[in-house]
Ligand code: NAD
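Below you will find one chain, with nothing else, as structure tokens; this is the form predicted on its own, and questions on how it binds or moves follow later.
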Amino acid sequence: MNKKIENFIGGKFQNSENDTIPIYNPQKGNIIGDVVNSTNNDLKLAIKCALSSYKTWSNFTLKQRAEIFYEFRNQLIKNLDSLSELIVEENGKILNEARAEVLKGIELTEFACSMPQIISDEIQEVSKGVECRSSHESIGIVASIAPFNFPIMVPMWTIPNALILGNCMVFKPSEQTPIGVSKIAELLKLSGLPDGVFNVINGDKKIVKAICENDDISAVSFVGSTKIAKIVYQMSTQNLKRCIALGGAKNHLIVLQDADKEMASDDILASMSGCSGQRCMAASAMVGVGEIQEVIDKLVMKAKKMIPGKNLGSVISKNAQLRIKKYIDEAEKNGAKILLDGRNVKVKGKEKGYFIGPTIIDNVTPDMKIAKEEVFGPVLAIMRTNDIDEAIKIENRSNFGNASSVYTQDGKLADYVSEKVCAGMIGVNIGVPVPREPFSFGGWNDSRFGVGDITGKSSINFWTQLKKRTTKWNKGAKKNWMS
């Protein structure tokens, strides 16, 4: 029986007569439900509920709000298996990857629960009898717009931090993967979150535009492609909102001759194929410096053991599958060598699923599209050079700046590459250098628009504003002009 995913407004799911958008199971290619395509009136109702709840919620102490999210953390643990199965169904990941996604969401929630220990008013006697004090205050109604590729984890980048800091939220999930966020809404209510503090608005790009233009929303966070991130950032800031919009990536792995062959090949494979390459931290471009053929040979051998439908999930849609194949076709036409071809895989019992096998392409040149653009699939483009500085130039010519990694056993060379590459997150012998809490997630250049990062301590400044108070009690303490 197909599911119908409704909006969650004011603590309950709203029955709607709006048009709907089909939801597909990417591994099987069949429709598993429909999601409501919201109107601007639906958004206004959600904001009205958020506004009515804001005064009460923002007056909770930080500790009171954190206690609710500690119970939410317990609910995530209790529902780990069912949430993981939801991700498999709507996103196409394999179960182990889905489980890891929920566990990361739990870690993000645990960090948010530590806010009472992280945030404290700063107080100083700046002159005799004169005290200055600063405090982090909530900013009001905020919105968060999420992509399809991590339907549980990416929402945890924003929901716990923004709400514990006293804001109320309107959340817009991807119309391709809306089921997980509807479950999050249920668990938040079960955990004791007051009605109206968290609201879910489903729909397509029309509702994104409405969010960016609504006067009652103070801040917008976005995660998705660079093309849309730019548009969301421009629309939001044009309407006088603060905004952080994370875009795509083209992450380069620089492999030096002294790299540990087994570790490098294992790690590069995991980075290029994990989540079927549908993550902004995936390795999609490898730059070999000098003689690194043994690493490539081991990588291909190990990649052949990645079996679609077994230890490799699907991509999200038929359109995504066709787009990825087009990149591979064009690279081959332009002279690249296909070492491992995943274009024509078939999975028994899932013949209509959207699968791409691991694909490794050698002899790629920096001017090819596959070397410059985000493919978002389990595809690795290999470029070669004999010069470490040329490898760094190849990385730095990219418009993106999410992540970069170097494989070497030489600490000085690792430091040299880390200092020279232009990316916000750097890995040394790590292909997916996602910082752990309390360190924040965020890239540079066309991988991020806005100031600061979306997670960790850096996110506190995005979701709050500073209130500064200066107090004088002792008239007789005046000593100088500062008094």
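Numbers follow the displayed sequence, beginning with 1. It should be emphasised that the depicted structure is a prediction, and the values quoted were computed from it without experimental measurement.
The following text describes the form predicted together with the ligand, which does not appear among the structures shown.
Contact check for residue 172: a non-hydrogen atom falls within 4.5 Å of the ligand in the predicted bound form. At a distance threshold of 4.5 angstroms between non-hydrogen atoms, residue 222 is in contact with the ligand in the predicted bound form. By the criterion of a heavy atom within 4.5 Å, residue 151 is excluded from the residues contacting the ligand in the predicted bound form. When contacts are judged by a 4.5 Å heavy atom cut-off, residue 388 does not count as touching the ligand in the predicted bound form. The stretch among 85-93, 240-248, 404-412, 265-273 whose residues place heavy atoms within 4.5 Å of the ligand in the predicted bound form is 240-248. Proximity to the ligand in the predicted bound form, taken as a non-hydrogen atom within 4.5 angstroms, holds for one residue of 196, 342, 203, 353, which is 203. Think of it this way: in the predicted bound form, the ligand has a heavy atom of just one of 382, 76, 208, 392 within 4.5 Å, and the residue is 208. Taken together, 112, 156 and 188 are entirely out of contact with the ligand in the predicted bound form: none brings a heavy atom within 4.5 Å. Shown without its partner, the chain has 374, 376 in segment 366-395 as residues with a non-hydrogen atom within 4.5 angstroms of the ligand in the predicted bound form.
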